[in-house]
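Here you get one chain, nothing else, as structure tokens; it is the form predicted alone.
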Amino acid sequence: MNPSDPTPVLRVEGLGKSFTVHAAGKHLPSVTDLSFAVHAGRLTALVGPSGAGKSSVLKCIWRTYLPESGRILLSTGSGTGTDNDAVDLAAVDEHAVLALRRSAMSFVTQFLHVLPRQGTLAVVAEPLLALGVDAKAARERAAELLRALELPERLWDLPPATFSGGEKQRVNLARGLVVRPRLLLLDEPTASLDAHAAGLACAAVNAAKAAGAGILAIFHDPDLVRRLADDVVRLPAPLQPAA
């Protein structure tokens, strides 16, 4: 990753997504004709009122949701700046999406979803092992992040299912950062953290940005937006549901 590369890591063009609640006979618009870019070495914050579709945008990029319109162009990293140097996440098949999740993207949600009996160090190292990284190197990188986030070493062999919400979220963030992703998606990564742990999380996010990651994040705390964001994308208030 090259922080000085002017080519966007991600370009979202005309993104549209809505939902139909069949039981209520309602059509719920979520995101309409949204366009923006995320650059290497910069953090772009998605802001807007509740219900504006911020989390839906992240889920469309991650392909938890399938967009209804628009393009989501993830750079392949060659630096040519053309559409041929990008993968459209709204159009590629599921196998390609899964491969990109392993190698190029990370998504830190508000909840940690892992195998229930797996130890914490193994949980954090697993994305590197899936890429074929040597087990010793993967565990060393995982340990480096867990130390930076001040998760006590006595907990590393225990499954994170037994941890507090704040401890789980630090594990979640370490797991998201371990592969040094080209694109990092963050959905309220500090929501369950106390002030000290939130400061550690912010330092880890800044370190990822300094290493060249393009970051797209949701923060409900305006102070975090002011402290961390290089660019801000404002989503409008949600439209009224249509019958």
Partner chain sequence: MIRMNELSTPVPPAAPLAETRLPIIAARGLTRIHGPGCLRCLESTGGTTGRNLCPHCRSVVAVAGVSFDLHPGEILGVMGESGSGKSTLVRLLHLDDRPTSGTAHWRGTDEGGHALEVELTACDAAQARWLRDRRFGMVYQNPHLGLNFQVTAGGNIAERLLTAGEGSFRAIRDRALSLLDRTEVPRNRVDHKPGHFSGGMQQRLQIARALAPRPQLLLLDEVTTGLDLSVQARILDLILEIQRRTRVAMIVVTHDLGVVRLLAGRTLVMRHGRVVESGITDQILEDPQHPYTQQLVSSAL
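Only a predicted model underlies this, so the values are computations on that prediction, with no experimental measurement involved. Numbering follows the first chain given and starts at 1.
As for the form predicted in complex with its partner chain, it is not shown, yet the points below apply to it.
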All of 17, 63 and 126 within 4.5 Å of its partner chain in the predicted bound form, heavy atom check: yes
Contact test in the predicted bound form: residue 101 vs its partner chain, heavy atoms, 4.5 Å: yes
Contact of residue 93 with its partner chain in the predicted bound form (heavy atom, 4.5 Å): yes
Distance check, residue 118 to its partner chain in the predicted bound form, heavy atom within 4.5 Å: yes
is_contact(residue 87, its partner chain) in the predicted bound form, heavy atom dist at most 4.5 Å: yes
Among 185-193, 65-73, 35-43, 200-208, the region lying within 4.5 Å of its partner chain in the predicted bound form by heavy atom distance: 65-73
